[in-house]
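Listed next as structure tokens is one chain, alone, in the form predicted on its own.
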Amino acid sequence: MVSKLKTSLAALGLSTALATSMVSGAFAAAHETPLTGDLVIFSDMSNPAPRAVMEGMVARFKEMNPDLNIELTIIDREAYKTQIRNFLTANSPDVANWYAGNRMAPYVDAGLFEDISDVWEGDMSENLASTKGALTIDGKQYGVPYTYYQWGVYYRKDIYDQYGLSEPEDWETLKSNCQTLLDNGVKCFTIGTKFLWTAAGWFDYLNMRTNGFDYHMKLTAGEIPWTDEGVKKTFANWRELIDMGAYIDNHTAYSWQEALPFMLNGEAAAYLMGNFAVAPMREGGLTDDQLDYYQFPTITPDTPKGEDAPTDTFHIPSSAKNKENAKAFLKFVTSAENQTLINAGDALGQLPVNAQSSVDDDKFLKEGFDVLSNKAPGGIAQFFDRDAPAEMAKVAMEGFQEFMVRPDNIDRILDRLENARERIYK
């Protein structure tokens, strides 16, 4: 589904005076003259909360630049992934959402994303330093971040309390907790693998906890065979949960959103997911007394923990017609005030990238900030389908989903992944 609108304060029905006052000072310092002309934006922020954030940003930018004609097109998130190459090569927008890391690289290599290193000059380079590397290729920057978020295990604290369970810090405790839940008719984890990336989250954490962050990054870079003993150990650990019956049945039929009700109604006790799931869980009726979070536990002792913290980004297509207006919008997006506002608990409910921003007074954001800042000595991964090339990610994630349904196929799956590695990275 695609919705297209000419943005105006009246059309959006938004009252933005207070929000505008928060961000206009920083933006005005960088751009004193109101913009004119056009600005065309394509966005994949189609879920309700992100959509409201995107529309709000556009409305505030429009209020600062009343003579600027802004056209915003919001495209369903999954459909966007298949459409982006087409619209970057024909009738491209001026600004487009995408992702950092290897998800960005093919479009840079194809000459479809603009070098915006000049946007990063000055304070921005320092304030956004945590993600600069993920947006840099050959010393040049090709996008800007607007949010990132922690992954981890969100769980029903009331159910854990009911059965006397505590947050697991090691693999044996996680499995023991799981068995107790299963003995009482509760699945350990909900998951929807209809779209394959959810299974990739499980692989990321199991592999980083089994073999370490550096090993995981070498694997996604094609430097380690998929038939390596370390990879086999990761899948052996994963199989322990599968053989227990830890996951909900028929998960291939559900998207991640469609898997939420199993946790909301207490049929499953936990969800390995990004922090973006908190808002729909709350909207689904869970209170903060019922819902809690823990860092994925240790599997191999003395292995420094790595974490997934995907970074969402904006880019300027190389064929954009209004590049100066687009650069001004990117500077506005990355301002400390704007990132504080859009990442608040009642908006994206995620973490601002700008180091001068404030973290919202939300227990999950605070816990996530603590994990990413203080409890991830191994390193920060972008997520499997962003750290691996797109073609490798597709083949591997198909294998992850198949393994969760047919674990006896593991040798055939790993041989297929290894054949793909030899072909793709060569």
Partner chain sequence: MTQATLPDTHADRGKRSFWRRNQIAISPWLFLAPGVIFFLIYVIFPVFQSFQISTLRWDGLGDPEYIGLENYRELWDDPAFYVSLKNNVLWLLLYLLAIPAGLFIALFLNQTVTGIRLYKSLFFFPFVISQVVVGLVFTWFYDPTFGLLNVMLGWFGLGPINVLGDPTYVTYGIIAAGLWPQTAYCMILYLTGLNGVNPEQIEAGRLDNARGWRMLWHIIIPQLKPATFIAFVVTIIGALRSFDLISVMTNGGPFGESRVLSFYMFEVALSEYGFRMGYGAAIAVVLFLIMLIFIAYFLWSMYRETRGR
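Treat the numbers as computed from the prediction; the structure is a model and nothing was measured. Numbering follows the first chain given and starts at 1.
One more form of this protein exists, namely the form predicted together with the partner chain; it is left out here, but the text below deals with it.
Asks: Give a yes or no on whether each residue among L112, E391 and Q401 has a heavy atom within 4.5 Å of the partner chain in the model of the complex.
Replies: The answer is yes; L112, E391 and Q401 each reach the partner chain.
Asks: Could you tell me which one of R239, K132, K323, R85 places a heavy atom within 4.5 Å of the partner chain in the model of the complex?
Replies: Among R239, K132, K323, R85, a heavy atom within 4.5 Å of the partner chain in the model of the complex occurs only for R85.
Asks: Please tell me which of T287, S166, N250, N184 lies within 4.5 Å of the partner chain in the model of the complex, judged by heavy atoms.
Replies: After the contact test, the surviving option is N250.
Asks: Sort through 217-225, 174-182, 346-354, 254-262 and report the only stretch with a non-hydrogen atom within 4.5 Å of the partner chain in the model of the complex.
Replies: Contact-bearing stretch, as computed: 254-262.
Asks: So, M397 and the partner chain: in the model of the complex, are they within 4.5 Å at any heavy atom pair?
Replies: Close contact exists here: in the model of the complex, M397 approaches the partner chain to within 4.5 Å, heavy atoms only.
Asks: Just checking whether R103 would be counted as a contact of the partner chain in the model of the complex - the rule being heavy atoms within 4.5 angstroms.
Replies: Answer yes; at least one heavy atom of R103 falls within 4.5 Å of the partner chain in the model of the complex.
Asks: Is there a heavy atom of Y107 no more than 4.5 Å from a heavy atom of the partner chain in the model of the complex?
Replies: Y107: yes, in contact with the partner chain in the model of the complex.
Asks: E78 near the partner chain in the model of the complex, any heavy atom under 4.5 Å?
Replies: Contact with the partner chain, yes.
Asks: Which residues within 398-426 place at least one heavy atom within 4.5 Å of the partner chain in the model of the complex?
Replies: E398, Q401, E402, V405, R406, R416, R423, K426, in sequence order.
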